[in-house]
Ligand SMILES: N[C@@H](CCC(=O)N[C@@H](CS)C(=O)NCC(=O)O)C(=O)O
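Only one chain comes next, encoded as structure tokens, the form predicted on its own.
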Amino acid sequence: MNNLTRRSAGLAALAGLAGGTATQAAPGKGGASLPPIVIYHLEGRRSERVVWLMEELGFPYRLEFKRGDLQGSMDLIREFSPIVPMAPTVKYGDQILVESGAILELIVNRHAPGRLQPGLSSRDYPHYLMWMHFAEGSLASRLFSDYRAWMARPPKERSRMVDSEAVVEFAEAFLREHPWFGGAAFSAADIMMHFPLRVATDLNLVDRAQFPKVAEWKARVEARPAYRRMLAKARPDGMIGSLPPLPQHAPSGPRPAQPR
């Protein structure tokens, strides 16, 4: 047994004594047997997606974090997975996984076929898959890039390139025509999209009043019983360690014309 394996085994044993949601191998309905799942978590961050998914599916898992202590929670992750310490880090059986979108797709595809995603041959599936990846690849990456730039220098005009308002407007336009990001029904794509759309308004990157469909969708997803259970377990004291909102966001309206 190597040092990393010893540390992982020791942490798992201590975590079992610390409590949390009991974990045991359990069959997914219509899918492969689910291995033990341990979610290493930071409160209010992307790891909430995995907790929320497990609550929606009713699957067992164990949640590992230090309540009210982001640094302590990060230290747990770093001790368990020192090379790439990030949240979520998930122990899936004897494998270590990162990237919330990939973790959600793995669990749904392998252990919950027919649940929380449209059928592969349906018209909704291409949209579902696009939003699963847009959430991080285009939306979150644009938001945090603008946040860093605008904290250093508050914007005086819209960017000539795709900016935070544009990527949120893309989501708003879709929700004018569809009730959910998976199309006709709530899906894992809605779980993926919630975090960056919350960030967009909470950090004042965009004017929430400009996006009423996003606001209405957000109210519906946050009313779901599984979301409320996730909050009670994964964010029991509310948001901690929040980034400060921008003092101002870019003026709303059309972007300047591209130079010819």
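Just so it is clear, the model here is predicted, and its values are computed rather than measured. A residue's number is simply how far along the shown sequence it sits, counting from 1.
The same protein has a further form, the form predicted in complex with the ligand, not shown here; the description that follows concerns it.
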Contact test in the model of the complex: Gln117 vs the ligand, heavy atoms, 4.5 Å = no
With a 4.5 Å heavy atom cut-off, would you call Leu42 a contact of the ligand in the model of the complex?
-> yes
Does Trp52 reach the ligand in the model of the complex, with heavy atoms at most 4.5 Å apart?
-> no
According to a 4.5 angstroms non-hydrogen atom cut-off, is Leu129 in contact with the ligand in the model of the complex?
-> no
May I ask you to choose, among Leu106, Ala166, Met74, Ile96, the residue with a heavy atom within 4.5 Å of the ligand in the model of the complex?
-> Met74
The ligand isn't shown here, but in the model of the complex which of Phe65, Tyr61, Phe195, Phe211 has a heavy atom within 4.5 Å of it?
-> Phe195
Could you tell me which of 118 to 126, 79 to 87, 153 to 161, 168 to 176 sits within 4.5 Å of the ligand in the model of the complex, going by non-hydrogen atoms?
-> 79 to 87
Are all three residues Arg46, Ser100 and Glu136 in contact with the ligand in the model of the complex, where contact means a non-hydrogen atom within 4.5 Å?
-> yes
